[in-house]
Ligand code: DOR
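Just the one chain here, the form predicted on its own, laid out as structure tokens.
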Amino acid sequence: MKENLVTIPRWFDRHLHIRDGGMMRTVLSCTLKQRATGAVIMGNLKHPDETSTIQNTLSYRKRILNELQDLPSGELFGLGQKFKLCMTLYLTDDISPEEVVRGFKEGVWRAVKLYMANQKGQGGTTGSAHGVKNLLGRYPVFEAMEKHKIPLLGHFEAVEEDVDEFDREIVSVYRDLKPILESFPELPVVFEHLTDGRAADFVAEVDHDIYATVTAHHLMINRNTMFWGGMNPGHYCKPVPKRETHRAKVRQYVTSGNRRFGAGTDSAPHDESVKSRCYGCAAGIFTSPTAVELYTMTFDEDNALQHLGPFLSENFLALYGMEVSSETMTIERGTLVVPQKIGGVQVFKGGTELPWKLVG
């Protein structure tokens, strides 16, 4: 008999984009309404140097805290007061090992985010053009991070123009990630928003302190969905969804309860005018308003609701300085109508119905 009610510890979003300014004001409350205890905040803003120094990261953190302070009174305000900001350093070719360690020791950032860029200054995703061009040149930073157990959160995609779009992850696994793990065996690593089944095999099997975040949308869609009804910018994100065999493999690891995989929404809001334009469509899918319900639906379809709690609320939380929450949240079987938009941002599966809803 299928369960109609699931109660688990409040969850932690291990990969979240809340942008800045007006966009932050629009989307931040969505994650709070989803009962998250906190989130790993990604700092690839319009000007990435805003999270590549101690002073600038503190300034960004203060802007987020100000937004949390300005939330309406009541339960949402209470959630905001307790919301844990896990800030990340945007790694560049210039920042010194000493600065990385100092920011970690002073509690400015909890982890280092690696975006890579090619020699032309082209990055693999939004705001990544100022990422690392010389990965070997960052090895002194990785050495310092290994010594102090500072997690490396990697967007592992090859960004060279001659690498096939659907092979960027697996190329990066063997060209970039594997040498890092071999050179720094004690460095904790998180493979962000993993989509490739071959990369999932690597994470699950390699003898290293490595984990992976997986989005709700990558568990639900494959690359065909970008072309349903013509070009569909609403399903365009980076990394791009892969063929069905890869989606199925990643989902198998997730819903079978493998503890190396955890929830990171990579919820990436863009204004509709940028998301829907014909040329230069922005990459990103906005799932924050219904992330818990989307994940629950996935586990339910695979008859694996017993593994939902660990995936959302437990797996490798200590890496971010978090503990499993003593508070709970409840998801019940029932109809939830997904809003078409939040502000000017299109919502994933907007206008459709989901079979689960977060209550209380």
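The numbering used is simple: start at 1 and walk along the sequence shown. All of these numbers come straight from a predicted model, not from anything done at the bench.
Beyond what is shown, the protein has a form predicted together with this ligand; the following relates to that form.
Taking any heavy atom pair closer than or equal to 4.5 Å as contact, tell me whether V101 reaches this ligand in the predicted bound form. V101 lies outside the contact set for this ligand.
My question is simply whether R10 lines the interface with this ligand in the predicted bound form - judged by any non-hydrogen atom within 4.5 Å. So R10 does not count as contacting this ligand.
Determine whether any heavy atom of T126 comes within 4.5 Å of a heavy atom of this ligand in the predicted bound form, and answer yes or no. T126: yes, in contact with this ligand in the predicted bound form.
Can you check whether V250 is within 4.5 Å of this ligand in the predicted bound form, heavy atom basis? Because no heavy atom of V250 falls inside 4.5 Å of this ligand in the predicted bound form, the answer is no.
Three residues, R168, D196 and K242; all within 4.5 Å of this ligand in the predicted bound form via heavy atoms? Result no, not one residue of the spot touches this ligand.
Using a 4.5 Å heavy atom cut-off, which of 103-111, 144-152, 281-289, 79-87 contacts this ligand in the predicted bound form? Single hit among the candidates: 281-289.
Please pick, from C237, A212, L91, A216, the one residue with any non-hydrogen atom lying within 4.5 angstroms of this ligand in the predicted bound form. Checking each option against this ligand in the predicted bound form, the one that comes within 4.5 Å is C237.
Given that this ligand is left out here, which of H270, R260, H208, H246 has a heavy atom within 4.5 Å of it in the predicted bound form? The residue from H270, R260, H208, H246 that makes the contact is H270.
So which bits of 8-45 sit within 4.5 Å of this ligand in the predicted bound form, heavy atoms only? In sequence order, H17, R19, N44 come within 4.5 Å of the partner.
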